[in-house]
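Both blocks below hold the same protein chain, though in two forms, and each is given as structure tokens: structure 1 and structure 2.
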Structure 1
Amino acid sequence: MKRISIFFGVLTTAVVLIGCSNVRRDPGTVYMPDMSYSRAYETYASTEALTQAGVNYTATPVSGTIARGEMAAYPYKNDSAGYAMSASVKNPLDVAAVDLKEAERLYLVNCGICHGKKLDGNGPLWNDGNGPYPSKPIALVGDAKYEAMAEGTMFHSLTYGKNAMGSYASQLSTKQRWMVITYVKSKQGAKAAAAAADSTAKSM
């Protein structure tokens, strides 16, 4: 009888021990909570408590606000008329002075995943149609339509998004968007020139 009870005792403790998962789902306790969990409002904290207390807090700047050092605002709205007029907007950067290495980094981080390292519209998400992304990202290099696309139109599409592609205004500043476009344009020219050189080489 005693032995059986020992046996069951050991069994239950073992089951309880094994049943305890080692996944840590709670952060534990701290010595000084007001040092660890800031009493001041931190970056992502909800401001709902303020609203409830009747404190007037606006999380976003007044519309039309321009940050210090920000470039002039883009003049057109997100509609078909704006899209049509965007072609007249010129790249405000001094193209020769753009740091193409940094621009390339921005392109690879933000665009390469769809438009491809080689700008051929075949990034890992599309992968010749076998990837998980269902719309084909356009080929920025090698497609006459996009080779000819005005920089301003590209800027319009990057700022507001175009069809399946979303807006990049929250990930790239105005200057960075122009830098990426400068990079795309530099590749387009280079590729076309290389292709031309290639075909002349072949025809000879």
Structure 2
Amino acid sequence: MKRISIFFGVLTTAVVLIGCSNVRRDPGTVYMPDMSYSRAYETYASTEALTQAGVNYTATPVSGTIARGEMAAYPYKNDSAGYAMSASVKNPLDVAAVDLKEAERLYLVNCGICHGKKLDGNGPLWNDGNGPYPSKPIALVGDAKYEAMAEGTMFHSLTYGKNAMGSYASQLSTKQRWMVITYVKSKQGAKAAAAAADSTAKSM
């Protein structure tokens, strides 16, 4: 009798110890399995069903679509004809209302590394010939060619890239690109005004 008691005592202890293990072997009963284990749906992962139904879905916006709050799209393509016609495009922003401090910040963040803080082409990548660039970037101020460049042509170059400069369409919105151009033109205008005043003073 004593042996049976000991046997059942050991068996009960073993069952209790196994039952108290942190390893769960039974997930239990799930009352609403569709709530606990939701099915993964990937929207439009396959467009085969849509195609069969006669629905043309390409996952791209309709041509000419403008994002909410965005300015009108630039009308010219990235080709020689588009570059030539860009000179006729005017800055759509009210220049007097542009926040030049923010425009300067955008310029310094995106353009200053090449064209320099003073727009003289002496940015950190050139650094008086001590930087990694083998040739000096263009000077936006002090070079008659670029001071005379039309706003639209500048915008075209910012949008598509030009020579060694890549496109900034993904980094800057349409409005921000026009703000940068407004800032550049304001600096070019200030330089021209200072030069004209100096010339007048010398001729007197």
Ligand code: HEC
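Numbering for residues begins at 1 and runs along the sequence of structure 1. If you're wondering where the values come from, they're calculated on a predicted model, not measured in any experiment. Superpose the two forms; the largest set of C-alphas matching within 1.5 Å is the rigid core.
Taken from the form predicted in complex with the named molecule, structure 1 is distinct in origin from structure 2. Put the two forms on the same core and the Cα of residue 75 is off by less than 2 Å between the two structures.
Shown in the overlay between the two structures, fitted on the rigid core, is a CA shift at residue 134 of 2 Å or greater. Relative to the superposed core, residue 58 shifts its CA atom by 2 Å or more between the two structures.
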